[in-house]
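Only one chain is given next, in structure tokens, and it is the form predicted on its own.
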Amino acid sequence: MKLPLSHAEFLETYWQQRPLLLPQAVPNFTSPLSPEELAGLALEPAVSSRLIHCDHGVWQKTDGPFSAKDFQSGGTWTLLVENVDQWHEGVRALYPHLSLLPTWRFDDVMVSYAVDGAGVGPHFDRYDVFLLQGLGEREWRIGPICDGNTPQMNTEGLSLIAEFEPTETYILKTGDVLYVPPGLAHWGVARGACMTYSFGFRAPAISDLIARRADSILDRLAQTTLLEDGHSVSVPCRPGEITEAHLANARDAIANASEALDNLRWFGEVVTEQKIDMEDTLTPSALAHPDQAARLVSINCVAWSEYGEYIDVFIAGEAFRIPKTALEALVALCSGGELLVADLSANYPELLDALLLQGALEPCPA
């Protein structure tokens, strides 16, 4: 993805702050997916999809799977299909365009097709998104930053902004990209039939991080470890009073225990937890086929941290410690590459065992 500014400038000035139009960020882009193929995916029960209609200002959402006749109705409608990168090789091949950010921040590629004048209404998302125009043109109307206190209309499973006043408007053509930070109100309207690729980047909830870190520490903390009073009891207090010194002593004790018992694995476990089924994966029986090439089910299901001669590898929410000698192979897989199962078995057996145990490998297409 081409930026008209440096990576550092983008992160400092725009990332999670303000929108940025990137004209021809993907030069000479040709959509790897046709509208007919997208509609075909929406017919499949295993694929998450939805149709959004708007009739005289009344919005309606219908969840898939759909039948062919569902796309023959009149009016203005938009089809949205999630996790298309898991179902279509051409869309998966767009992964290299995500190199701006850590792969574990990536969520999925959602693809939408809209008839002339259609959209999904004014709304805001709680994640970062890069909107790549795949076919035709779409007008994006940008509004203010929103939060949980912003008035919304909750109807038919949709949360739309009740009063939307755009402050900026962008027209995206094929190959253009619009970056939209979390919380920014936006409304895309098709100018003729069009298709848009939405690259979503989700951040973990702070509550999830706190809960996982606390659980990790509690697992290692002896139940018999009690709070020591230290100097807090030297401060005079009235009967029944909890003083600032008492509170400070308790906070310090919690902080010290947290630092001492933190195994540093909770973050990797949270950010690699999978939201997709990983059923079509390799099993140990694949080891009987030395020429079988494998890849990660998704580039966001694996992350790692380096510690001396070892690597902590996080796979679909679980942590594994493997030798550092597997680092090159691990980086290749996390980059979307493929490796022979035989090579993994011979040179990096600990990594292969962990990936197979978590169902994180899948056979590469023939």
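On a predicted model such as this, the values are computed, not experimentally measured, just so you know. Residue numbers here begin at 1 and follow the sequence given.
The form predicted together with ligand SIN exists for this protein as well; it is not shown, and the discussion that follows is about that form.
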One stretch from 292-300, 148-156, 83-91, 110-118 that, in the predicted complex, holds residues within 4.5 Å of ligand SIN by heavy atom: 110-118
Is Trp140 one of the residues lying within 4.5 Å of ligand SIN in the predicted complex, judged by heavy atom distances? yes
Residue-level contact is defined here as any heavy atom of the residue lying within 4.5 Å of ligand SIN in the predicted complex; does Thr78 satisfy this criterion? yes
My question is simply whether Thr196 lines the interface with ligand SIN in the predicted complex - judged by any non-hydrogen atom within 4.5 Å. yes
Does Asp252 reach ligand SIN in the predicted complex, with heavy atoms at most 4.5 Å apart? no
If we test each of Arg202, His123, Arg213, His97 for a heavy atom within 4.5 Å of ligand SIN in the predicted complex, the one that passes is His123
Any residue of 207-241 with a heavy atom within 4.5 Å of ligand SIN in the predicted complex counts; write them all down in order. none
